[in-house]
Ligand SMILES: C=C(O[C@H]1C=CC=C(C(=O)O)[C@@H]1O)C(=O)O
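Presented as structure tokens, the chain that follows is alone, the form predicted on its own.
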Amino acid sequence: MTDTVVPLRGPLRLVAQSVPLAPSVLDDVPLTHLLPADRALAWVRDGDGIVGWGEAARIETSGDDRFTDAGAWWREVSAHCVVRDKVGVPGSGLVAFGSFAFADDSGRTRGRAGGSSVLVVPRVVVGRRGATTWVTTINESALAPTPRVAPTDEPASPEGVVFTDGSTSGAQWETIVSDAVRRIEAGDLDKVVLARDLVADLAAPLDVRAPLRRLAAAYPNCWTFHVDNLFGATPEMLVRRERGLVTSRVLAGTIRRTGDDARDLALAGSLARSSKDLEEHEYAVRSVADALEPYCSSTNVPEAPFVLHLPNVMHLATDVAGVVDAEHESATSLDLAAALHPSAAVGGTPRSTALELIAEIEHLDRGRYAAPVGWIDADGDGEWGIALRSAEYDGSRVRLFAGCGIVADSSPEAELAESQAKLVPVRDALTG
């Protein structure tokens, strides 16, 4: 069957059916090992999640209405879809995977037709949640036969990987950080998050399944994702909406691990006491709590962050939770993601001033880096992470991204080192 790309017009009538699979069908096969080479989609964490392939429908949006247009399209698609869900867990039934541009004008400067934000409804989804495993088929107008689910071929590892500077060199980026610190010290703003990129050229077009498998194995506590040539393993959940409960994991404040357990324990303690990192973290937490408050009847914000340990770095982390109020029951996970983006963890404080400074001095089109990536179901529930520890690719060229929160006490040299640490997950996934 030929995949069909469906534009934003007319009532699209889909039929989605989810049926359970016996656990023995997959025998604990990682979900990323089920993906074909073409049109693969992924959202997995610690063995659970959903993967998909094919396209039953798709919308590309751009500009400052990218979230609104995508949300309206999804409501229309969901309203006209017949859903036969015999599983009844988050991620079963009709779902779409999505990723969005960071900035309103992203994609235009790169000349991407149709913009750089997308929602994709796959033809096949395989999911796992605890002991429950299922397969969903999505087709136009009629039920599709349940496909055979089995591991696919071993993907080719990237070869001949050569890294070069992206938009700026390390030294140039340190100068940009120094400029931002001066602006903060002058009272122009409190915090700004600056990003940099790194380019990898490969000997052959990338088979993204290879780095996806490596990321999922090396960073099981992160959300490993792939949507429309964007992939990565993010530690930060922008927003999860599940049956009226809203949660968000905020990360800001970072220190690199050494590999020595005793030394890393001491570093974790210093991170938890660092006035610079605590200040950066507070801005990020407050921006998320303030953005969620209009939608929630109650919110819970812990008084102090905890230290999240990842293989390469440690972060200050806070889990914010809320309950959607009656007035906003129709607000979907995508609506909430749009309201939260960009948080101070990836933009700055005040938001508008920080975004203006980013546009002025960063010299980088972020594309879909540091923007919402995840999935949504027919009820509006879903999970949207922030596309960190990520890269976009086109054929044999890959652009890796990293960013750092800059406050008055920031050191350009230390921020460059932090950015290099944040590039490690994707670098290692490309080089093996």
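Throughout, we count residues from 1 along the sequence that is shown. Model, not experiment: these values are computed from the prediction.
The protein also exists as the form predicted in complex with the ligand; that form is not presented, and the subsequent description refers to it.
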Drop the ligand in from its pose in the predicted complex via a C-alpha superposition round the site, and with the 3-atom, 2.4 Å backbone or C-beta test the pocket comes out open
So in the predicted complex, does any heavy atom of Gly403 sit within 4.5 Å of the ligand? yes
- Does at least one non-hydrogen atom of Thr254 fall within 4.5 angstroms of the ligand in the predicted complex? yes
Check: Hey, in the predicted complex, does Leu388 get a heavy atom within 4.5 angstroms of the ligand?
Finding: yes
Heavy atom to heavy atom, is Trp375 within 4.5 Å of the ligand in the predicted complex?
no
Worksheet item: Do all of Val193, Ala345 and Tyr369 end up near the ligand in the predicted complex, with near meaning a heavy atom within 4.5 Å?
Response: yes
If we test each of Arg123, His226, Arg128, His315 for a heavy atom within 4.5 Å of the ligand in the predicted complex, the one that passes is His315
Given 36-44, 57-65, 403-411, 376-384, the stretch touching the ligand in the predicted complex at heavy atoms within 4.5 Å is 403-411
Checked 406-422 against the ligand in the predicted complex; residues with a heavy atom within 4.5 Å, sequence order, are Glu418, Lys422
